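As structure tokens, one chain now follows by itself in the form predicted on its own.
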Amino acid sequence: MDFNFEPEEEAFRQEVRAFIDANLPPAKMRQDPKSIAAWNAKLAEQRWIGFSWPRQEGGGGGTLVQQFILKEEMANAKAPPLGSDFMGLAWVGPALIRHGSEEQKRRFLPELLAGKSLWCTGYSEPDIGSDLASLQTRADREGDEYVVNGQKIWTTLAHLASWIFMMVRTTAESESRYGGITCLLIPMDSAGIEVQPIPSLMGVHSFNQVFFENVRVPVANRLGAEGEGWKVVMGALANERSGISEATGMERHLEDLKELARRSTRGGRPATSDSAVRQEIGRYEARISAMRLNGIRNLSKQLQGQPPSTETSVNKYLRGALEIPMSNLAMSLLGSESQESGKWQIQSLAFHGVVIGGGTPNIQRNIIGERILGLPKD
């Protein structure tokens, strides 16, 4: 594998670093709404929001390698996100570009890039776990409208979102269990939608239950053909799916853990002098380095024209396997301070969303075993 970048790619890296040096808000201001808005406005001028989208769709037309460099440099600088709507930019926008009508693209893409809309995703339902193909929320067609009835759960930011990117069942399951599923774009202020919060262990409200009772949705708000929603949504989820972002997030997490260890004590001595602590951190560093190399391998395959594969489940699984022990080590280093409120305490209670979201570790193991290793189905 060649880890060297082309001269024009290294030039782009220097451009990103110069932009960060000139425009990145101070650390204490990176949660301030005005600072974030100003940051996003400057990113928009560079066309770095939706950077990998085609220029004719309002994006930057960046290559996969440039996108990797941009995100890596932003992560290293601990910069705010690229845009204000993660789900919309990561999944909804690419799905619209691939499957949307010209009218849909004109309606939704400019608002999404400008941060004037906020999307949530309606996938999970009660009693189906990670088996999305078993969804039961129905959309029955009546003339030029669908009438939607059912329930979604664990819907992130549904209480704030203006739209929901949603999977519904329009027909009974066909010969393929993935048939009969359709993707709809539904305004969250539609009559018949009720949002109920699901507070987390730390009292933060980001997850929700969403109920749909006779919600009328124009057929014009269907994305893609009826019955082809599985293809639409899975294609969106696979967008830019190399697994590198999983490694980047853990690299930042590890740096924070190292800093905590440097200023903590064990038995009256610095925690970093404890061989058990050093060995544990060393194991995390080795596994995170392997995650990054695996992500680069997947990126290389995409550069060769191969679609994202199930191998990205490896990094998803490894992140879940690391989040819990790393949080436990942090709490151990804090000692009696672990009973107080703070960043590490919150993270220790919040790991469930990262570990479970996008498919539980058991689901990832099944994917790895069945689709990569060729083992019998569970």
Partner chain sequence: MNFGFDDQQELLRQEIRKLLEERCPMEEVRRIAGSESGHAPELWKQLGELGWLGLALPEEHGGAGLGWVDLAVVFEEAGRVLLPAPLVSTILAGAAIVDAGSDEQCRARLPALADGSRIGTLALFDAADQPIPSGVTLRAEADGQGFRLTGEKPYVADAGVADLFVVAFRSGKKAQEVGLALVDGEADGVSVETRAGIDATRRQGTLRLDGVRIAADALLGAPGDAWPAISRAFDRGAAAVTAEMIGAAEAMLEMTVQYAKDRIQFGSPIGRYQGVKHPLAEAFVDIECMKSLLYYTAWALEESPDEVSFSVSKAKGLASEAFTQIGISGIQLHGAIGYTEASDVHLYLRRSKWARTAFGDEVFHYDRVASLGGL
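From a predicted model like this one, the values you see are computed outputs, not experimental measurements. Positions refer to the first chain, counted from 1.
Not on display, but discussed next: the form predicted together with the partner chain.
> Among the candidate residues R297, R216, R106, R252, which is the single one with a non-hydrogen atom no more than 4.5 Å from the partner chain in the model of the complex?
None of the others qualify; the residue that does is R297.
> If you check E111, E194, D256, E285 against the partner chain in the model of the complex, which one has a heavy atom within 4.5 Å?
By the 4.5 Å heavy-atom cutoff, the listed residue in contact is E285.
> Is the partner chain in the model of the complex close enough to N362, I368 and I372 that every residue in that trio has a heavy atom within 4.5 angstroms of it?
Checking in the model of the complex: N362, I368 and I372 are all within 4.5 Å of the partner chain.
> Report whether the minimum heavy atom distance between L160 and the partner chain in the model of the complex is within 4.5 Å.
Although the partner chain is absent here, L160 would stay clear of it in the model of the complex, with no heavy atoms inside 4.5 Å.
> Taking the shortest heavy atom distance, is R278 within 4.5 Å of the partner chain in the model of the complex?
Residue-level check for R278: yes, a contact with the partner chain.
> Can you work out whether L334 and the partner chain are in contact in the model of the complex, taking contact to mean some heavy atom pair no more than 4.5 Å apart?
Judged by the heavy-atom cut-off of 4.5 Å, L334 is well away from the partner chain in the model of the complex.
> Is T171 part of the interface with the partner chain in the model of the complex - any heavy atom within 4.5 Å?
No - in the model of the complex, heavy atoms of T171 and the partner chain never come within 4.5 Å of each other.
> Just one of 186 to 194, 257 to 265, 218 to 226, 145 to 153 has residues with a heavy atom within 4.5 Å of the partner chain in the model of the complex, so point it out.
Flagged stretch: 257 to 265.
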